[in-house]
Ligand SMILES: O=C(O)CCC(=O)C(=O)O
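One chain follows as structure tokens, the form predicted on its own.
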């Protein structure tokens, strides 16, 4: 691939690869090792706000009340990358931690993000920011290249699963897991993937934590169904919101905080 003038502005080759395959790796680091160490040092302050019975996966949409997360989502380097996919006008609307502690048996079953989201049209990008080095040893994500071009596949609801998601692709769905690409990221690096790309991750049997923050960005032409997710709020990242289809959220002022509402879960929003 050719080298861009600004390394956070995607080249035509990178854009082509993304649109054909539904993901992008090999991007320049968002944060240096020293910067990532400081971010990780603050994470316990957020985890301390969890209530009994909750886990890190319950830290959803806390960017609405935490400048700690809001500033990450609004990092200009990330926004430059996303602009290369969504164009000049886009917002962010979700953030969620996926932390697998060492020797954690939890998996994330094969799924498509778009199946869970009451949003249309499909014009969204997920940024997966690695808080730790992530690879096949500690449960790194896998994705099926080109699967975003096959439409939305029916998901099934399952209670007999180690997956943190209870909606997964139905057995017999026409995809081959052997074709999946293994994501490998260093702490401070990120990946991009399409909301329709089929992906998942195995358990973490290693001695290393595997932590990542997902941030969801959508073009301003994407509308959320407030009847399903009434607390949905958007934060304009770039350009102008010429459609004004969704309510805007207030910029947080506290360093750490949790919303005073419980975000709609993926299962509640899903159609399975």
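Since we're looking at a predicted model, the values are computed, not measured. Numbering follows the first chain given and starts at 1.
Just so it is clear, the following notes concern the form predicted in complex with this ligand, a form of the same protein that is not shown.
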- Which of 145-153, 70-78, 109-117, 83-91 sits within 4.5 Å of this ligand in the predicted bound form, heavy atom basis: 109-117
- One residue of 238, 209, 233, 216 in contact with this ligand, assessed in the predicted bound form (non-hydrogen atom, 4.5 angstroms): 216
- Looking in the predicted bound form, any heavy atom of residue 141 within 4.5 Å of this ligand? yes
- Query: residue 98: heavy atom within 4.5 Å of this ligand in the predicted bound form?
  - Reply: yes
- Message: Whether residue 128 contacts this ligand in the predicted bound form should be assessed with a 4.5 Å heavy atom distance threshold; does it?
- Response: yes
- Would residue 124 count as a contact of this ligand in the predicted bound form, using a 4.5 angstroms cut-off between non-hydrogen atoms? no
- Query: Out of 186-201, which residues reach within 4.5 Å of this ligand in the predicted bound form, heavy atoms considered?
  - Reply: 193, 199, 201
